[in-house]
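Okay, here we've got a single chain as structure tokens, the form predicted on its own, with questions on binding and movement later.
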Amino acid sequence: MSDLLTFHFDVDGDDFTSAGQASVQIKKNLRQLGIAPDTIRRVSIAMYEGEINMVIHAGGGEADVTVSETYIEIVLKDQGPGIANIEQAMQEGFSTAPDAIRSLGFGAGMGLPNMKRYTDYMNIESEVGVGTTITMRVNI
């Protein structure tokens, strides 16, 4: 695999029935490429958490996954409300999810911390009123 492979996914907002479809598809794609199961698991978890965050907080967004010989990069972009305090948002258990979302079993405040935990690199760029871009890498 000498060339970069890229996969693009649109994440529907406010649609919990389709939330997670991109992470399921990327898991299948990575399996077909012969990527190690532990790497696939880490990518899938980080991607799923990001998808759910985009559905809950941003009305959806886009996910781009690039596979190279040495890493898998996930870039999540949305035009949601942005994250006012990234440091606070990174604290386990901190959540701005409404009660209706929590009643569905989401919004426990573990999304961003789990994304960081399961990746080797994570960067968050966010501007209130503009949106958020999260870049993550998992080394192969």
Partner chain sequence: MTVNELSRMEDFSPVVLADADRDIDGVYIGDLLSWVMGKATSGDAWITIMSNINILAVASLTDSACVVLAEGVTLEEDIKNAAKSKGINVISSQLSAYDIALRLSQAI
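Positions refer to the first chain, counted from 1. It should be emphasised that the depicted structure is a prediction, and the values quoted were computed from it without experimental measurement.
Note that the form predicted in complex with its partner chain isn't included here; everything after this is about it.
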| query | finding |
| --- | --- |
| Non-hydrogen atom within 4.5 Å of its partner chain in the model of the complex for each of Thr17, Ile45 and Gly111 | yes |
| In the model of the complex, Leu104 touching its partner chain (heavy atom, 4.5 Å) | yes |
| Interface membership of Ser23, its partner chain in the model of the complex, 4.5 Å heavy atom rule | yes |
| Touches its partner chain in the model of the complex: Glu49 (any heavy atom, 4.5 Å) | yes |
| Exercise: Phe9 in contact with its partner chain in the model of the complex, heavy atom 4.5 Å | no |
